[in-house]
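Next comes just one chain, in structure tokens: the form predicted on its own.
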């Protein structure tokens, strides 16, 4: 009880020290908030600033990934009916998360592991921020393309494909630039490390799937035991 009391007092103290007025937009550091868009315009300078001037923000990186996830969900639900057969009842939030934000999580872990063995100079924090910021093309284009899909005809679908492809390769290019600058690699070594990182992501994904499967089986086992015990005690 003493531990819970101390924790409650500490939490109360922390809450009381929060300057709530700073949550209002007029107190926000807008220069810091809009900084990730610099990656879209001046990627070389931006990633050098992340590497040498610590310009990135972990908090903003999480917000960017959250925005990508929610825009992916929006795309699934609202994409033009003439281009998709998606149904609301078939929506899998886990699937959308795995195909958006989770990619950066796995990529950052695999990239850090691979590049550590290849004498990369990037810290995990730098890798995480750089790769999160590299998804900005997908973040800023997903919702506009979804809205555009509502007004275009099937004959005009090539525009959606083109714009979506540009956003994807723009992201890949930013990740290549980030990987090269953060780890201080040559282009050739950077590409090679990214290929190995892709393999690392597949390995991590396999481990995640196996872990989820084991947890599900263990949970089913616990449920069976629980039902058996209830049956015996009630009987």
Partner chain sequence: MKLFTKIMGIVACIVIVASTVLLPVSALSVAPYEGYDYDPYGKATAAPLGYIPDKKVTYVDMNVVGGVGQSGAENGLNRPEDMFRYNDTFFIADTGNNRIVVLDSELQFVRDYTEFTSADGSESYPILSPRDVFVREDTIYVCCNETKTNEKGENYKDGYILSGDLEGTLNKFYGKPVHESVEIKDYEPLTVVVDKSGYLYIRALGILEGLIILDKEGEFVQYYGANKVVMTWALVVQAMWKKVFGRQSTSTTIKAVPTEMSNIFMDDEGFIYTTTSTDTVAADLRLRKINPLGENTLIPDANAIISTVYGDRAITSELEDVYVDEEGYIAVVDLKMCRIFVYDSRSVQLTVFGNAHNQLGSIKHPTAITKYGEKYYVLDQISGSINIYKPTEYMKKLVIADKYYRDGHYVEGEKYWREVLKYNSNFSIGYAAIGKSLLEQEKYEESLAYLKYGQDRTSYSAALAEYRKQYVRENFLWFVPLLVACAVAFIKGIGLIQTALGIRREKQSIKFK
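Positions refer to the first chain, counted from 1. The structure displayed is predicted, hence computed values, not measured ones.
FYI, the form predicted together with the partner chain isn't displayed, but the following is about it.
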With the partner left out of view, is residue 90 within 4.5 angstroms of the partner chain in the model of the complex by any non-hydrogen atom?
-> yes
Residue 34, heavy atom within 4.5 angstroms of the partner chain in the model of the complex = yes
Close approach of residue 55 to the partner chain in the model of the complex, 4.5 Å, heavy atom | yes
Please run the contact check for residue 156 against the partner chain in the model of the complex: heavy atoms, 4.5 angstroms, yes or no?
-> yes
Which residue among 86, 99, 161, 116 has a heavy atom within 4.5 angstroms of the partner chain in the model of the complex?
-> 86
Since the chain is shown here on its own, which stretch among 201 to 209, 164 to 172, 47 to 55, 180 to 188 would lie within 4.5 Å of the partner chain in the model of the complex, judged by heavy atoms?
-> 47 to 55
